[in-house]
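There is one chain below, alone, in structure tokens, taken in the form predicted alone.
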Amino acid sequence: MSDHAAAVEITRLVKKFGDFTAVGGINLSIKQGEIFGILGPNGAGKTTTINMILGLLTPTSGTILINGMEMRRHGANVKSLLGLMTQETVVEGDLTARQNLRIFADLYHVPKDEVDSRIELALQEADLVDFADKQAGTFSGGMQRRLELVKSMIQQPKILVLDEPTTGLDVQNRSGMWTRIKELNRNGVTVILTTQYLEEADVLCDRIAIIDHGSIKAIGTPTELKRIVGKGRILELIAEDPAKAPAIAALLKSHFRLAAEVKGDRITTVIEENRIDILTSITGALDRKKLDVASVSLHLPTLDDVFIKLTGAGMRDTASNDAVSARSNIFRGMSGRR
């Protein structure tokens, strides 16, 4: 990872829509050469932040520097550094893979003498050489997503925004996409990733920012974020009767000195590793008090545990009406590239 100036430097960034504050004065630095994850539930402000980084929205106040340049002053130069893969697959089904790539090469103003060589390289990277002259509409979902990824790279951006790149893919294709993203990063591309799959962020990201209600709740490596939950293991109980969840939490505190959190029918607490043997005692105590539980699980802290602790809920579907993938906004945003 490079120690040079930040790829993206955000200072006191605010975005308001009328009286509603979508982003409330965040500060964020994304290093050159890292894979940086931005996670948050619906309405958290992450999509608005991504749109401002891409120049699709103008901040109400604050600054965004891309490789040291401000979008408002150096729009064309900044946009030439950025690539975007939307959460929707935007391929023209009636056109071949090669034709899809050529359209985007023209849209990004790729030099004429480089278009053919870049298209051939893109087809190789997407494993689509044998399908180059077949209509994209006949491709599987995984093939279309690979085509979408190399389309976003056709202008050879320094910074690539991936908006939920593996949504809808099966396990095999998702794993293949992870491999391609890592390879792009090894070749020097800074990656900004949003995803609804927390295990994806855990596998891919060097650092992660969790955003909720327009502010950053935490930033760190996956390991650093998991320490927020605590050392040891997470004990999770699901109450048969949600109304009895507070009583279960009270029992854990009074009998076992465990500070438990209650969210709906879910009760969670941290058990130090040398106290795992108390699990049997806990289930026995619950049985004697006739506090029935639907399930009991014990696991090492995960990003989902961090997400629940910081936002009050598990990761929800992040697709929303203001998604980056609005095609008209994308084309409008790219029109300044020369």
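Keep in mind the model is a prediction, meaning the values are calculated, not measured. Residue indices: 1-based, along the sequence shown. Note that the rigid core is defined as the largest set of C-alphas that superpose within 1.5 Å between two forms.
Only in words, not in the display: the form predicted together with a small molecule, which the text now covers.
**Q** Only one of these stretches, 286 to 294, 35 to 43, 61 to 69, 301 to 309, has heavy atoms within 4.5 Å of the small molecule in the predicted bound form; which one is it?
**A** Looking at the other structure, the answer is 35 to 43.
**Q** Using 4.5 Å between non-hydrogen atoms, is residue 164 touching the small molecule in the predicted bound form?
**A** Although the small molecule is absent here, residue 164 would touch it in the predicted bound form, with heavy atoms inside 4.5 Å.
**Q** Would you please decide whether residue 87 lies within 4.5 angstroms of the small molecule in the predicted bound form, comparing each non-hydrogen atom pair?
**A** Within the cut-off, so yes.
**Q** Is there a heavy atom of residue 22 lying 4.5 Å or less from a heavy atom of the small molecule in the predicted bound form?
**A** Residue 22: contacts the small molecule in the predicted bound form.
**Q** May I ask you to state whether residue 196 is within 4.5 Å of the small molecule in the predicted bound form, using heavy atom distances?
**A** So residue 196 counts as contacting the small molecule.
**Q** Core-aligned, does residue 185 move its Cα 2 Å or more between this form and the one not shown?
**A** No.
**Q** Examine residue 155 after superposing the rigid core and state whether its CA is displaced by 2 Å or more between this form and the one not shown.
**A** Stays below the 2 Å threshold, so no.
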